[in-house]
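Only one chain is included here, represented as C-alpha cells and corresponding to the form predicted on its own.
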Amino acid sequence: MQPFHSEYPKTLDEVISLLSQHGAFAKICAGGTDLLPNMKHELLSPQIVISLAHLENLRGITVSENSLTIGAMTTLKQIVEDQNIQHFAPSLGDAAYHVAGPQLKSMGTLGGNLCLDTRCLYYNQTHFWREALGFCLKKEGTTCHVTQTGKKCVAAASNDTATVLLCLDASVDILNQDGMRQVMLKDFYLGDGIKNNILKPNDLLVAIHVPKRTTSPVKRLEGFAKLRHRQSIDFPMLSIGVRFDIDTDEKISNAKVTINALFARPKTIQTDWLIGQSLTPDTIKQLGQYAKDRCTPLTNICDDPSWRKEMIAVYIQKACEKALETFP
C-alpha cells in the first residue's frame, strides 16, 4: 500500500472536522472490508484514513412506532441476528446474511455496504493488470473497456442491502459541518460508475431509517434473492429485492422491484401495472418476464450477459417465493 496516516476520532465532531480539513485526501474506514483491498490494489491512495471504530453512538438498532433506525456502524452480523430486523424488515436481514462470508459480515457495516464502491472486471484488478490494458475510464485511463467509449463509466453497484432498502423506502441521515440532512435512499445513488452516490468529501452517512413492516390492515411482503458463483463469499451477479403491499381484499396495493449488479446504480422496475392484481404464480411469472425485458446486463462483471439476463426471471421468482414465506 501507499503510505497513509490514520486518525481514530472519538466523536462525530472530530470526524466532521477531519473531513472538512482534508476533504478528498481523506477516506472513511468503517469495517474496512472494501476500502483496504482497494488501497492494496492502488485503486485508492488516501493520505488520511479516518477510522470510525471508536464511535459507539453510530452502532445499534433503535425501534420507534413506525420505523427502525440503524446506526451506520452496525455490523452486518448484528443485522442478521437482530430480532427486530427479523420481525419488522426480514428482507434486510436476508440481504445482510448473503453478503460475503462470516468473517466479513462481522467486520462489514451497513453504512459501508450502502457506500460500497462500484465494481468492474476491468477496474478491480492489480495495478500491473490494469496497466497492461492502458487503465480504464474509472481510474487513470480514458476508455471504458466495457462500452469501448470514454463517455461514461458503467462499473456496477454490488451492495446487496441497498437492493432491499430501496424497496422498503428507506432513508439515510447525512452529516457535515452545516448540520444533518435526511435523504431518501432512492435519491442517494447516481448513474455514474466513478462516483455513484451523492456524498461529498465532507459528508458522513450516520444512520439508516427503515419503515417497519405492517401486518394490518395492509400486509407488507418482502423478499430477496442473490445470484453468485459461490454461496459464501462472492459479489452478486444479480441481487433482487421485491416488496408487495397486500390490502384487505388480498390485492396488491403497492409493489416495488429493485435489481442490482447491472449498472452503476440499482435499477428500479416500474410496477404500477401490478396494482389491483393478486400475487399468484401467473402474476409472478409475468413480473419475471417483464423485468427481464427491461434489463440489459453488460460485460462489467465476468459472466455471460445473456445468461445473467435469463436468470433475472428465475431470481425474481425466488425473491417472490421468499416474500410469500414472510406473509404473517
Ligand SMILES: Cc1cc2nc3c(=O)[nH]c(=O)nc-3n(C[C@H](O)[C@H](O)[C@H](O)COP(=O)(O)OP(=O)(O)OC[C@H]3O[C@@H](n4cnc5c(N)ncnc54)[C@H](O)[C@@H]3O)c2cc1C
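Every value quoted in this text rests on a predicted model; they were computed, and no experiment measured them. Heads up: residue numbers just count along the shown sequence, starting at 1.
Just so it is clear, the following notes concern the form predicted together with the named molecule, a form of the same protein that is not shown.
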Is the gap between residue 35 and the named molecule in the model of the complex 4.5 Å or less for some heavy atom pair?
-> yes
Using heavy atoms and a 4.5 Å limit, would one call residue 82 a contact residue for the named molecule in the model of the complex?
-> no
4.5 angstroms heavy atom contact with the named molecule in the model of the complex for residue 261 | no
Does the named molecule get within 4.5 angstroms of any non-hydrogen atom of residue 198 in the model of the complex?
-> no
Looking at 215 to 223, 93 to 101, 164 to 172, 241 to 249, which lies within 4.5 angstroms of the named molecule in the model of the complex, counting heavy atoms?
-> 93 to 101
Note which of 116, 185, 210, 255 lies within 4.5 Å of the named molecule in the model of the complex, where distance is taken over heavy atoms; exactly one does.
-> 116
Residues from 146 to 174 in contact with the named molecule (non-hydrogen atom within 4.5 Å) in the model of the complex | 158, 159, 160
